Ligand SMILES: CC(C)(COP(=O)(O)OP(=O)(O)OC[C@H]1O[C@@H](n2cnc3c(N)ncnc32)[C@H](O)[C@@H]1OP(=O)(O)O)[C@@H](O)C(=O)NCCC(=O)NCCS
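The chain below stands alone and is given as C-alpha cells, in the form predicted on its own.
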C-alpha cells in the first residue's frame, strides 16, 4: 500500500500509512473498512472507508477516504471490485449512501467514481488558510 501510494504521489508517506493501518486495519467494528486486492500474493490495490453517523445532520452513510491501484493493474476492474466490496459492507451495516471528497483536478479518480454512478452531492466543501 505504501508502495502504491508512493508511485502515485511521488512521496513515500510510510508513517502516515502505518497510522492509517493501525486505525482501520484492525478489523474491529463494522464502521471501519480496510480492504486490499491481491494478485499472485501481491497487494495491487486498496480501499479504506468508514461509516459516519449523522455527519452534517444526515443519516449514517459510508465514506471512501482512500482508494488506489498499482498502475500496471488499472483498467482490470480491481478498483471496481474494491468499491463493490466496500459498498456491500456498508449495506450490511444498514447505510444507503456513499460519499467521498476529491481534488477537482484529479481527473483519473473523478472519472472512476463517475463511472461507478457517483455524482455531485448536496454539500459544498469550504476551507480557509489559518495563517491569514
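Positions refer to the first chain, counted from 1. What you see is a predicted model; the values in this text were computed from it and never measured.
Only in words, not in the display: the form predicted in complex with the ligand, which the text now covers.
Remark: residue 24 does not count among the residues lining the ligand in the predicted complex, judged by a heavy atom distance of 4.5 Å or less. Under a 4.5 angstroms non-hydrogen atom cutoff, the ligand in the predicted complex has residue 74 among its neighbouring residues. Interface residue remark: residue 93 is not counted as part of the site for the ligand in the predicted complex, having no heavy atom within 4.5 Å. At a distance threshold of 4.5 angstroms between non-hydrogen atoms, residue 36 is out of contact with the ligand in the predicted complex.
Contacts between 100-121 and the ligand, taken as any heavy atom within 4.5 Å in the predicted complex, involve 106, 108, 109, 111, 112, 115, 116.
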